[in-house]
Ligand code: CTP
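In structure tokens, one chain follows: the form predicted alone.
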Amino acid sequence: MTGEPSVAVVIVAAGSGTRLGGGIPKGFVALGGVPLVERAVHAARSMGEPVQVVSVVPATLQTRAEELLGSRATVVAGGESRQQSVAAGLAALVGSVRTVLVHDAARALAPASLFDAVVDAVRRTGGGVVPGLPVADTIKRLGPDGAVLATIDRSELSAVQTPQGFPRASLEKAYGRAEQEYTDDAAVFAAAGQPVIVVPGHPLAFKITTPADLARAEQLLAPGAPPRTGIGIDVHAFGGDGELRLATLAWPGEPPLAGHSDGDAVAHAICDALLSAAGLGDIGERFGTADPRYAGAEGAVFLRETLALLRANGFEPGNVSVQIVAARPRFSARRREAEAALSALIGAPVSVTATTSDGLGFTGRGEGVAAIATALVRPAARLP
């Protein structure tokens, strides 16, 4: 961790996990060979800014957790209840922290992008923020004898997840006033009269509570897990400065493409396809023209940043296919070279083909280049 962090993540891993079985506390049960608490810490450490990570574990396993997590997290002993454990985590925060996320180690597959989104919402609203998913099932209210009393309007319901985010000072005051046990931190916060909103959650942030949940998580991490697919399209006009960069290669003698960066339509389309497949937005959202770091940047820079985002969110590329539509440059003579360069950079097979548009449109008139990419990504079985 570099710099003085303004964000902290308190990861609660002090529960017994009796419903999960395994004979050890839930946070230390292995998923894909990695304990749940370690996976949760990795996600927090993969956020887009420096963070302090505090892991709250059973007192009997504090030494083991310190050996497991090393410098990646501050380890403290939890209490008899979840609220006592969170309070112990809050007491370990450094002075620079202004925003606190509280996260369950049992939601070990929650991606770093969800943590970042919650932090952004806390800063934007100044209140509590909870990620949640719409309730898909019809919900019935029952009487003590099992009789149906009413059908609940599920449009008013949300299945909430963690990490839940709060302004530090307000959360500490809420915990100081809590007079009963609540099921989550948002309830503690709301009981103190503080506002809480729900933002979109993530399907991977499900809670691993039972053996069936663990089996589902293992299946998602398995090499044979279903891949996810994404599509990316990028277009750039000729007219930039310097030399043409396309598919990360230099093309001497060809007119350059215009853009905030080097205009490499192939690299940019691949980034969009990978981000789309992983559910991480698009290149404009992640590396927008307002960011001076990417002014004039080569396509390889965007690809490396995109791959880092994928890894941080538990994905790895499977393969990529790109179709270039352009009257120039003549691509066929360098196709193998481009495929080799892109495959080495991405760490997965990349195929590139090129075609013209028979004189139609801006590409047919030689005004620019279009690239269409498709990508497959899959959950990464191991932490990087």
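Residue indices: 1-based, along the sequence shown. If you're wondering where the values come from, they're calculated on a predicted model, not measured in any experiment.
Absent from the display: the form predicted in complex with the ligand. The rest refers to it.
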Counting only non-hydrogen atoms, the one stretch of 237 to 245, 121 to 129, 268 to 276, 80 to 88 within 4.5 angstroms of the ligand in the model of the complex is 80 to 88
From V75, A106, A186, V100: within 4.5 Å of the ligand in the model of the complex by heavy atoms is A106
Margin query: Under a 4.5 Å heavy atom criterion, is R39 part of the interface with the ligand in the model of the complex?
Written below: no
Checklist entry - With a 4.5 Å heavy atom cut-off, would you call A13 a contact of the ligand in the model of the complex? => result yes
Contact of K207 with the ligand in the model of the complex (heavy atom, 4.5 Å)
yes
message = Although the partner isn't part of this model, could you tell me whether R19 comes within 4.5 Å of the ligand in the model of the complex, counting any heavy atom of the residue?
response = yes
